[in-house]
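Take a look at this single chain, the form predicted alone, given in structure tokens.
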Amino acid sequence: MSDHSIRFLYLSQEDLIEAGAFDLPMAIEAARQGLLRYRQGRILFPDKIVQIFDEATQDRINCLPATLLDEKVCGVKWVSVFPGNPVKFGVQNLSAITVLSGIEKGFPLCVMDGTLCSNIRVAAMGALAAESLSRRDSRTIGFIGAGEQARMHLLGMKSVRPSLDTCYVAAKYAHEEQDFIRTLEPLLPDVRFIACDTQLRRAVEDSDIIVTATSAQAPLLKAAWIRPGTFYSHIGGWEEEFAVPKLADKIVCDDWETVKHRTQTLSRAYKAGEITDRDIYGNLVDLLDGSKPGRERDDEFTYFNAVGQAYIDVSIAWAMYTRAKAAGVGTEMAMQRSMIFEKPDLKDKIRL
């Protein structure tokens, strides 16, 4: 008799970390391969579905699918972003679940926490860009913003630029800077941390790498603070004045055609006529496959902006699932033990 059960692996965030899936080099490589395979036509990537519940706050839940043809797996990230959560409720602003299904039978393989993957993906993309666009001898990094994205970004940058030995951090409130330092100092004992007491310029003016990771919609970063040779990784929406991208020698995106229709600084500058398509040097994959060179001079100011491509999340989630499965971590769950009309005593349980 055929087995009609359908089982999948459930992986909590704790399961993933226990399995060793909090692995920045693994995520960076998965992101690299995802970008290259998408260019090669080996990934299906349909449009996402966005449900915005409040235009002012941008509270939203998104559904983002992608299929990795070589791995024969289809994944979807169900992600909520509620920017007001930290202030209103004292909780994180982003949470996500990822579902992976095989495309031979179509049955689910895994339901897993997607929050860790989503945060790591942002850092992995910034780190990939830093490999090509930051100076190899970069030693100082400055953050405007001190939340989870900023913390993860530091780990990603340190992974590809181990020479980093000084980290400046400026946030809206001084206690956020101290929380940032208390969290990361034990993880990176070879890095000296400097709290900037909410002085944004202090975090930037002596930094080889700059990262803005805020929920602000305001021009916080000023072009006058940026010295030649700096690499800037822009994470949020509108975080710097238009003069910053106009100052850049190279502007690189994860996907410019996607960025230009969003509400990033670049898209705002584009719509205002401050920059044009010709001002965009290329997409990150152009640097990865050798189509275009990355940094060419030590004094170049290079600028990177990623809005997120869900096929990268699915690529990293697949790597995490593979790692967890090999480690024997997670809980096997039954979606069904038999088909509907094979259930015993169905007559007594059905209502007509």
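From 1 onward, residues are counted along the sequence shown. Given the structure is predicted, the values throughout are model-derived calculations rather than measurements.
Separately, the form predicted in complex with a small molecule exists; it is not shown, and the next lines address it.
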| query | finding |
| --- | --- |
| Stretch from 156 to 164, 275 to 283, 139 to 147, 222 to 230 whose residues place a heavy atom within 4.5 Å of the small molecule in the predicted bound form | 139 to 147 |
| The single option of S101, T263, S215, T115 touching the small molecule in the predicted bound form, heavy atom within 4.5 Å | S215 |
| Residue among R135, K172, R201, R268 with a heavy atom within 4.5 Å of the small molecule in the predicted bound form | K172 |
| P25, P65 and A310 each touching the small molecule in the predicted bound form (heavy atom, 4.5 Å) | no |
| Contact label in the predicted bound form: V122 to the small molecule, heavy atom within 4.5 Å | yes |
| Close approach of L94 to the small molecule in the predicted bound form, 4.5 Å, heavy atom | yes |
| P108 within 4.5 Å of the small molecule in the predicted bound form, heavy atoms | no |
| Distance check, P245 to the small molecule in the predicted bound form, heavy atom within 4.5 Å | no |
